[in-house]
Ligand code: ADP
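In the block that follows, a single chain appears as structure tokens, in the form predicted on its own.
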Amino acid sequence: MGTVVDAVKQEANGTLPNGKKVQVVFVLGGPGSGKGTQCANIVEHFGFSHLSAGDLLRAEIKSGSENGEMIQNMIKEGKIVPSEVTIKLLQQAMMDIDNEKFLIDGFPRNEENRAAFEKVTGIIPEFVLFFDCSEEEMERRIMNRNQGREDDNIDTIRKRFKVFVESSVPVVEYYESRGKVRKIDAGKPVEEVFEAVKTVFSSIHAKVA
């Protein structure tokens, strides 16, 4: 049976149901903070696998499975997909991919997600990579990249910012209080942002080595 000591031993590492040990980094940042670009760089330079909770949900819907139908119906009705559903998809993806190092992008979206993830998986993230960017800069970027995307109008963008501040910032604050947040100034040019990211990831490589 797991004890408090075992739980402490799990710090920063977790074991999946198939016995595989994994290292998880949560990647958080507002819409337009550049998370996707930097995740691609981290995958290329540091050998992590990139998991997006949103992509996994969309793939499950496309698969036509019973689970996918349930997810689609919930989204249609404007309901939030239960944390456990998203977590099980993340867990399954980590078991299916031949890698031990994972970037989980855009999750946990809120405190309930965070608590459920730790409870269901027993995994404590190595750290949280937080792309800190001003709303003005994120708004400018989103409007510049607007290629007819419906969700890229100014009102919708501002709503997304509001949701991010209300839901995701408390998650960042929770991990910050535990010394697990690595904050990146994401308002700088892409190359400079990646230099800061490299410093963070090089330090965990040194620790592992």
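We number the residues from 1 along the sequence you see. Please read these numbers as outputs of a predicted model, since none were measured by experiment.
Not on display, but discussed next: the form predicted together with the named molecule.
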item: The unique member of E112, E84, E100, E137 whose heavy atoms fall within 4.5 Å of the named molecule in the predicted complex; value: E137
item: Residue contact check: G36 to the named molecule in the predicted complex, 4.5 Å heavy atom; value: yes
item: The named molecule contact in the predicted complex: V197, any heavy atom under 4.5 Å; value: no
item: Contact of V22 with the named molecule in the predicted complex (heavy atom, 4.5 Å); value: no
item: K180 within 4.5 Å of the named molecule in the predicted complex, heavy atoms; value: no
item: Partner contacts for 169-203, taking the named molecule in the predicted complex and a 4.5 Å heavy atom cut-off; value: A186, K188, P189, V190, V193
